[in-house]
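Next comes just one chain, in structure tokens: the form predicted on its own.
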Amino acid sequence: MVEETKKITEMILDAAQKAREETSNEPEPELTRPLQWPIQATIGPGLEGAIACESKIGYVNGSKGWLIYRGYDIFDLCAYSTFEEVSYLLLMGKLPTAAELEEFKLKLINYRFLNQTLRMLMSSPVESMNTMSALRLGTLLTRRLITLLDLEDGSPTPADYINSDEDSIPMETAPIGELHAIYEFKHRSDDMDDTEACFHLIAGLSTITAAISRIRQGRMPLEPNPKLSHAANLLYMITGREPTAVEERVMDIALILHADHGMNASTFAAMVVASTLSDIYFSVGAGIAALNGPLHGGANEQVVRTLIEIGDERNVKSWVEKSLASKGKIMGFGHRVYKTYDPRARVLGVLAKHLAETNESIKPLFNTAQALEKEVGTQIGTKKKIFPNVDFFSGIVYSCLGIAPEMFTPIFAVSRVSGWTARVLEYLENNRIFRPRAMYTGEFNKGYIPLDQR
């Protein structure tokens, strides 16, 4: 490890120490134990507070600023691990041995080559498409080449289907036939199995994302370099040059930070599709679609635009006062879960500072961000428990790495696909189709009025 990357490790460990000094070390007992179904929960709009399943994959403690992957603290993983290791951890439930990691890396190297998929993708108007739409299209094109499920003889036979009442819920009559779904993500004998398909998606989304970036610049996609790591390959395929050791390490850490984050909207969307016994490619496509929504992905792009709008750190105070007076939303602050400093923002903040120090075009942007963080903290942060979230600094980091703002959310997906696929596979071990109910507030006993009398 070169001296510069050692410095990055030290910065992360310093951020970890500060975070641990500000929080206690007790988990939430009511959210960290096995369940005995059925359970009672206080549920708000949007299923807030609902418990949908058990999971050993990840844990978020919003009041203490914790993010845990399979028992490992996010700070330790960022300081010592790699995205390949973390992806293996999320999917397989343990850190790999040296031999297992080498085998996994070789699979990712092979699965990054998607020449046929990219040829089909380039036949679409990628230059004028929303980047997330293009990513979802590329994912589905990959599905078509890897599986036979889109072909007539690749569909399940009627005998394979579960009774249509499989979508019933526990308080209703149990389904006729099997108590649980038995038609899982079945494949033809010449298809890859589910775990391999997850590996394929983790590798493939990076290639597709990089290709979209290149095509939008009017350039041809680049083939992956088998000698480079996952993070380095992503940057190489986007920028056309091999990244420095520091750039590679920073990208690696950014991917680790975004890999999983509890039952967020895109993860839930992927799991809902999987619970119907669709397939892993459609499930990931659903996650991409949810991540495209402005309430989920894309806030880091808006943060950069906000910083550009402010223009200079000297303008921050008046801009914040004006924004608060008009009840405007300040992008990059606050989080649905965190009521303290987002641990991911702690790491990305020191990385953004480190990169901006040697980037003259981005340094003014970072200085404005620092001033904005301080001003928001002074005016509303402590009182309302509003702190920077993962999006506040990530856009600055990506900009320093040569990534265009419209590619920020696809980069998010390149990382989160590890969490999506891990949680889908875990849920399918004890699958039950998601089927919440709605409270009907409409009318009854209305008489039908013929068309000529309306």
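Don't overthink the numbering: it's just position in the shown sequence, from 1. Computed from a predicted model, the values in this text were never measured in an experiment.
What comes next is about the form predicted in complex with acetyl coenzyme *A (ACO), which does not appear here.
- With the partner omitted from this view, the residue of 240, 125, 226, 328 that lies near acetyl coenzyme *A (ACO) in the predicted bound form is 328 [heavy atom within 4.5 Å].
- Scanning 374, 214, 105, 296 against acetyl coenzyme *A (ACO) in the predicted bound form with a 4.5 Å heavy atom cut-off leaves one residue, 296.
- Using a 4.5 Å cutoff between non-hydrogen atoms, residue 384 counts as a contact of acetyl coenzyme *A (ACO) in the predicted bound form.
- Contact annotation: residue 281 falls outside 4.5 Å of acetyl coenzyme *A (ACO) in the predicted bound form, judged by heavy atom distances.
- By the criterion of a heavy atom within 4.5 Å, residue 332 is counted among the residues contacting acetyl coenzyme *A (ACO) in the predicted bound form.
- None of the heavy atoms of residue 409 is located within 4.5 Å of acetyl coenzyme *A (ACO) in the predicted bound form.
- Heavy atoms within 4.5 Å of acetyl coenzyme *A (ACO) in the predicted bound form map, among the stretches 216-224, 92-100, 132-140, 296-304, onto 296-304 alone.
- In the predicted bound form, acetyl coenzyme *A (ACO) lies within 4.5 angstroms of a heavy atom of only one residue of 309-325, namely 324.
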